[in-house]
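Presented below, as structure tokens, is a lone chain in the form predicted alone.
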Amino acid sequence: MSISRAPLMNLVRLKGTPILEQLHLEERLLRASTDNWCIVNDGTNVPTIVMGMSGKPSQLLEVGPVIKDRIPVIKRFTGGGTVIVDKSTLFVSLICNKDDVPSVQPYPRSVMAWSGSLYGEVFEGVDGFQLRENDYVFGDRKFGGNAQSIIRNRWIHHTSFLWDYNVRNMAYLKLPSKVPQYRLERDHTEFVCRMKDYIERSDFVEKTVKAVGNQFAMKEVNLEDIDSYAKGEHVKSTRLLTMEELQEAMASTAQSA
């Protein structure tokens, strides 16, 4: 009788890698590699706003302060909402072949349910953890936001976890027109919480790697070896918005006011 082997998952550990560089790496691995990947980045170097691919700065950002304070704004290759990330944000990205996770259908709700179960292992024993709509929460306060992209036979599910946050940075974000029902019109500081109040930073990273390892055979890969796994050209849609684009957004906001 043959014994089925767990599929291979390549693990890349990063520390303080700029979020734009991380997103470029993820898009490359999704489109130009045929392997499964788990990417863990412990913080990013400077405060940066990241919007979903269809996000509009005039609707989502306080553009004037963003320009004044020179906050970089990125449009990523996945959907989802807008976040501001910094050295206190932890990132976990999972890129999977559909056939290697047969219990997951290539649809957002199925991927979310699978991820909620995986992080249920990570936060086992932590009071109040749950997947609520598309967010990870403790009780009714969000600490993890998710985004996805599903292409052909592969998908990516990536999450930014608020280990801590600077209240001042939240002021760069407008209250979006479409919000989770459980948010109840709360502003950002009443809606989110700090993960550091619930779990140690190093414990979270190691428990996440262990939870992924319960479903995959893990293999650590160094960043400098990525070229041997991802070859050829691929669509590159993650980009930094220009100052001109932000100024146009501010002008359109002023006109509609």
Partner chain sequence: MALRMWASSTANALKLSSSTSKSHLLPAFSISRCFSSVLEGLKYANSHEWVKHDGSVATIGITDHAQDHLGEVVFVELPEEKSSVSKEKNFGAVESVKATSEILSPISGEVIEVNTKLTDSPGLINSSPYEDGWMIKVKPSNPAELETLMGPKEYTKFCEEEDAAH
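Residue numbers count along the first chain shown, from 1. Model, not experiment: these values are computed from the prediction.
One more form of this protein should be noted, the form predicted in complex with the partner chain, which is absent from this view; the next part is about it.
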Query raised in the report: Of the listed stretches (216-224, 192-200, 53-61, 33-41), which one has a non-hydrogen atom within 4.5 Å of the partner chain in the model of the complex?
Result: 53-61
Query raised in the report: Hey, in the model of the complex, does S149 get a heavy atom within 4.5 angstroms of the partner chain?
Result: yes
Query raised in the report: So, in the model of the complex, is P102 in contact with the partner chain at a 4.5 angstroms heavy atom limit?
Result: yes
Query raised in the report: Within a 4.5 Å heavy atom cut-off, is N169 in contact with the partner chain in the model of the complex?
Result: no
Query raised in the report: Is there a heavy atom of G120 no more than 4.5 Å from a heavy atom of the partner chain in the model of the complex?
Result: no
**Report entry** Heavy atom within 4.5 Å of the partner chain in the model of the complex - residue from L173, I74, M112, V137
**Finding:** M112
